[in-house]
Every structure is written in C-alpha cells, then in structure tokens.
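What follows is one chain in structure tokens, specifically the form predicted on its own.
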Amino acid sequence: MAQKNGGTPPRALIIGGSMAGLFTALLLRKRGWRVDVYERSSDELASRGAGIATHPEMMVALDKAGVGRDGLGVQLDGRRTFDKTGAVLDENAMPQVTTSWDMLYIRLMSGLPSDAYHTGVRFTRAEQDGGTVTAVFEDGTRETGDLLIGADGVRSTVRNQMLPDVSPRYAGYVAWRGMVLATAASDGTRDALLGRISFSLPLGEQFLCYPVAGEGGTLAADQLRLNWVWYRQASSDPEFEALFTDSDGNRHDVSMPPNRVHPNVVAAMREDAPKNLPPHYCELITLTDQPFLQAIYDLESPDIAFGRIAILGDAAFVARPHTGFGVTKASGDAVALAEALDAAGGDIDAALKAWRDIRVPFGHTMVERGRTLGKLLDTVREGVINDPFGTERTTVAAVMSETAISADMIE
C-alpha cells in the first residue's frame, strides 16, 4: 500500500468523472490511495449514449482496475462496406468486441464507493504549495491532496490553467450520431448490420454502424442497439455556425444535447440521407428520434505534468474518432500513471516525469493517426490508390482495415 511519511495514504483529487477519471480512480485505489472524483455535471452520465470499440489495451486496464472484462459487449465477426444501393462492395474478417458508453460507465462506477464520487461540483483552479495541491471549486470549497489529475475532457479547465494557449483544433467536418433498438429496424436491415462493423463511403463522407449492448448494459438479443455515425464536411464558418446554433439561437463549439439541435438542421440531414446512403442506413436515421451532432477536433498538449498536477485522457490529447481509441487511450494513460507510481516507490515527482516521457509521444502518435484516417474521407472511392498508409489498396479496403484497430496492429 502506498504511504506518505507518517503512514497516511496519499490522496488524489480527480477532476472529471467520466471514463478517464474512473479508470484512474480505480487503479489508484487499488494501490492504497485515497481518491475523490469531482464531476461538474449533476446529471447521470450513464444516460449518455454512444458506441465504443474495445481493444486489448482496454481489457487489460479493466482487469487491473478490478472490474473485469467478462460480458463487456457484443462480439463481432468482421467488417463490410455497402454501396449506395445496399450491395456489398467488400468485406473482411476482423473479430472485435463493441460496447456502449453506458455499459462501460456502469461497470467502472460499480467499483468505486459512492462517497468517493461527487457530482455537481465545478472546479475553478488549482493551487500548488510544495508537495501538495489544492482544488478550488466554484462554491468556494477547497480540497487538498498530493496529486491533482485533470480528467475533465476536451474543454478541460485543468489544462486551460496549465496550458492556456492549447486548445482543440477543428478538423473541418462533423459527426452525426444516433442509436436505434435493433428490433425496431426491418428484418433486412438487421440481417445486413448485426454481427459486424459496416461502412458506406459517399465521396467526402463516411458512415459506419455497429451493434452495442442495450440500455443498462444488457446483452439480451432483443435489446441490442445499432450505433451509427455519419461523418460530413462542414469546412466553412457559415456551415459550422448553421449546424451548431441551437433552437434558441445559442452557439456551441464541440457538441450539444440532442434536443437542442435546430430542427431545420436535423431535417436537412435527413433529407440528404437518401441522396448519399444505402437504404438500411437511411432507415436507421429515420428511426432515430434525436440524432446528436459532434464537431471533430484534434488536440495535442506539449506536456501533461506540472508539479503535482497531471492531465490525461481527452484533457491531454484528442485523436479523431476514426481511431476508435479514445476510451482505450484514457485507460492506457491511467494504467501507465499507476505503474509509474509503483515503479517510483512513492516518489510522485519522479513518477510523473517517467509517465510523461511515455504518454506524451504516444498521444502525438494517436493524434497523427487520426489525421491520417481522416484523409480517407477525401480519397477516391474506386480503383487502387496510394493510400495515406503507403500501401496499394482501394479506399474501401483501407477504411475497413485501418479504422478502430488496436495499437499493436498499427505499423
């Protein structure tokens, strides 16, 4: 067990109660740390819907966090790409497990005592004094610990204090997302889409879909959901402003709640679907009551450790979602931090330096990987190309074989 001088366990203050914060909290608690997680949202985060591709790195992190990997998601057999008519262009065998945001969140929360997780608490700044760091919150309360970890996402308040000149950089396109109960779809759509990750590649766009667990993490066959994502260009300022101005006229930057997307914007997206996508994807869009909208960003931090303050997960690096690596990278950041603390024998400063030397280069690598995958939106759709990965493949083959793969598969 980790001990400070005098036998008191060290204390970690974790700002942000999503995936990165929960992985970090569980891993540090297993090492004897006192941990408190502070989440600014008062809402139940498990209600947030999105699909997640899993990788071996995440499975290892779940085991090390003490919550296990069994029954985590839906086992898929391979990948398939459809043309606009719904005919199969190409397919391959790439087994993978997909899970849902709520299923993973519930599993991680099950390992954390309720009194260690604080909601509706807004962090404003950190103050350091030698070997301690104090979190100051909006209501004036202060908490002091030995390490403060910013796991508060792409718009991180912790990162903004440490690196005020670092901000997300818009990639020029957006993602529409939705989730549909599979049994609500037609037999033909279920037959086409269940059991695999599937794609469609209109010029300058990408659509993908895969099944995930049902609400509450159930894997019952009649409760599985089909998670879909449609990447679309929005490169000009007027295009972006039109998409991200909500029904009350308020401007958003990264995403907004589904019920705030302007009805005219949703209607225009639905109208475009039959012009670009195969019929079964159009059916999913029609069945989605409130699709939500996300801007695609890159984010790179030149450093992730500042005295007794660290940032990880999306607070430190954001790679485009084509990598399918966001949650896995967050879990890897947390594992690497915990193991660096082990190796340093209680020397927190030495541990943070060693951790930074490992995870900063990895973060840059994943961001660049996301940019490279993003280039596949613009490549030709037919014939053999000299793709961004330096191999002679069709765009279809490159997308299917390079999207959402494990780090050990990246050359």
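Note that this is a predicted model, so its numbers are computed, not measured. Just count from 1 along the sequence shown to find any residue number.
Keep in mind the form predicted in complex with a small molecule is missing from the figure; the text below concerns it.
K.L.:
Tell me, please, which stretch of 362-370, 66-74, 349-357, 32-40 lies within 4.5 angstroms of the small molecule in the predicted bound form when heavy atoms are compared?
P.N.:
Careful reading of the contacts points to 32-40.
K.L.:
If the cut-off is 4.5 angstroms on heavy atoms, which of these, 328, 81, 206, 189, is the one near the small molecule in the predicted bound form?
P.N.:
By the 4.5 Å heavy-atom cutoff, the listed residue in contact is 328.
K.L.:
Taking the small molecule in the predicted bound form as the reference, which of 122, 169, 252, 270 has a non-hydrogen atom within 4.5 Å?
P.N.:
Contact check passes for 122.
K.L.:
Taking heavy atoms only, is residue 395 within 4.5 angstroms of the small molecule in the predicted bound form?
P.N.:
No.
K.L.:
Answer with yes or no whether residue 374 is in contact with the small molecule in the predicted bound form, where contact means some heavy atom within 4.5 Å.
P.N.:
No.
K.L.:
Look up in the predicted bound form whether residue 102 has a non-hydrogen atom within 4.5 angstroms of the small molecule, and give yes or no.
P.N.:
Heavy-atom contact with the small molecule at 4.5 Å: absent for residue 102.
K.L.:
Does at least one non-hydrogen atom of residue 15 fall within 4.5 angstroms of the small molecule in the predicted bound form?
P.N.:
Yes, residue 15 sits close enough to the small molecule in the predicted bound form that at least one of its heavy atoms falls within 4.5 Å.
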